[in-house]
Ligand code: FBP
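Here you get one chain, nothing else, as C-alpha cells; it is the form predicted on its own.
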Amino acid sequence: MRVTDTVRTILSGYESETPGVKANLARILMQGRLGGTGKLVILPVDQGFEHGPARSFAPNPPAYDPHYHFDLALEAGLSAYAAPLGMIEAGAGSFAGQIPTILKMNSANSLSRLKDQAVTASVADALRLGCSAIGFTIYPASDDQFEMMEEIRDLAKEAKASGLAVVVWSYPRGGDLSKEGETAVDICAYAAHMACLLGAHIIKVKPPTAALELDAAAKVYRDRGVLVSTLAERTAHVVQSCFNGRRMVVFSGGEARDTEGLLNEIRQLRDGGATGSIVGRNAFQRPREEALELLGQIVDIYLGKA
C-alpha cells in the first residue's frame, strides 16, 4: 500500500507519533472507497450497550449478528468499523485483516443514572484482536468528566506506545449543561478542542447547532464575528478548533431519521471541511440493501459526487 500525498500531509500533523501509530492511521485512511482521499466514513455499532438490543437491532433483525456489521462495512467500502469488545471478538477471526477495527474501550447503559462510562476493554485486547485504534468516550460537563479524562490519558499513553491510534468521542452532557447546550456550537467546539488536548488522533462530535450556551463565549462569538449561522460555518469552526485542521474530526449521524435530511446535513458537514462521518443506527437499522444505498450516497458526498 502506497499512501497518497493527501494522506501523507494528514500524517505529518501528528509530529510526535511513532511509525506504528502512523501506520495504523494510514491503514484507516487508505481503506475502502474513500481510501487515499483524506476522508472517512466509519460504522460504529456500540448502541446495543448504550440502548439495549431490541432498541438497536429489532428494526433490522439480521443486525443482531455481529458478522452482519463487519460485512456491511466491508461491502459498503467504509474506512473502519468501531464496536465494543464482544462484538469485535465475535468476528475478529472471520474478518481478520479485511477492515480496520476500532475497539470501543468504555460504554454506558440506559439502566444507569450516572453520566459516566465503564472501562470494558484493554489495550491488550485491542492488540490481541488486531485493531488499528482504540475508541473512548468522554462527557465534558459531567460530574465524572475528570475521571474519564484521566482514564483516557492512561489508555492513550499505553495505546500509542503499542502503535495504536486513539479516537475520542467527545459528548458534552451532565452538570449544569442544558439539553440544548449539548450540541451548541460553542460547546461542541470546546469539547472537540479538549479531545485534541487529551491527545486524540481522531475526534468524534455531534453536528453543532447555532445555539450558544456560555455567556462569556457568546460575547466573544458576537464581538469577533465568528461565523456560525449555517452548519457548514459551524463545522468549519469545529475543524478550526481541532488545531486548525491538524487533527481529523468526524461527526456522528445521530438518531435514525429520513434519508434526505441526513444527506443534506452531511453535505454541509463536507462543505465545512469535516474529515467525515460516523454513521451507525441510520445505517444498520435499515434493511441491508437500503443501508448499502445510503452508505454509498454518503461516500459519494465525500467524494464530491453528490
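In this text, residue numbers run from 1 along the sequence as written. Just so it is clear, the model here is predicted, and its values are computed rather than measured.
Missing here is the form predicted together with this ligand; even so, the following discussion is about that form.
Across the options 188 to 196, 204 to 212, 146 to 154, 120 to 128, residues that bring heavy atoms within 4.5 Å of this ligand in the model of the complex belong to 204 to 212. Among the residues Arg247, Arg281, Lys39, His69, the one placing a heavy atom within 4.5 Å of this ligand in the model of the complex is Arg281. This chain lacks the partner; the member of Gly32, Gly272, Gly253, Gly276 within 4.5 angstroms of this ligand in the model of the complex by a non-hydrogen atom is Gly253. Interface residue remark: Glu265 is not counted as part of the site for this ligand in the model of the complex, having no heavy atom within 4.5 Å. Taking the partner from elsewhere, Trp169 is found to have a heavy atom lying within 4.5 Å of this ligand in the model of the complex. Although the partner is absent here, Asn60 sits far enough away that none of its heavy atoms falls within 4.5 Å of this ligand in the model of the complex.
When contacts are judged by a 4.5 Å heavy atom cut-off, Gln240 does not count as touching this ligand in the model of the complex. For the stretch 21 to 36, the set of residues having any non-hydrogen atom within 4.5 angstroms of this ligand in the model of the complex is empty.
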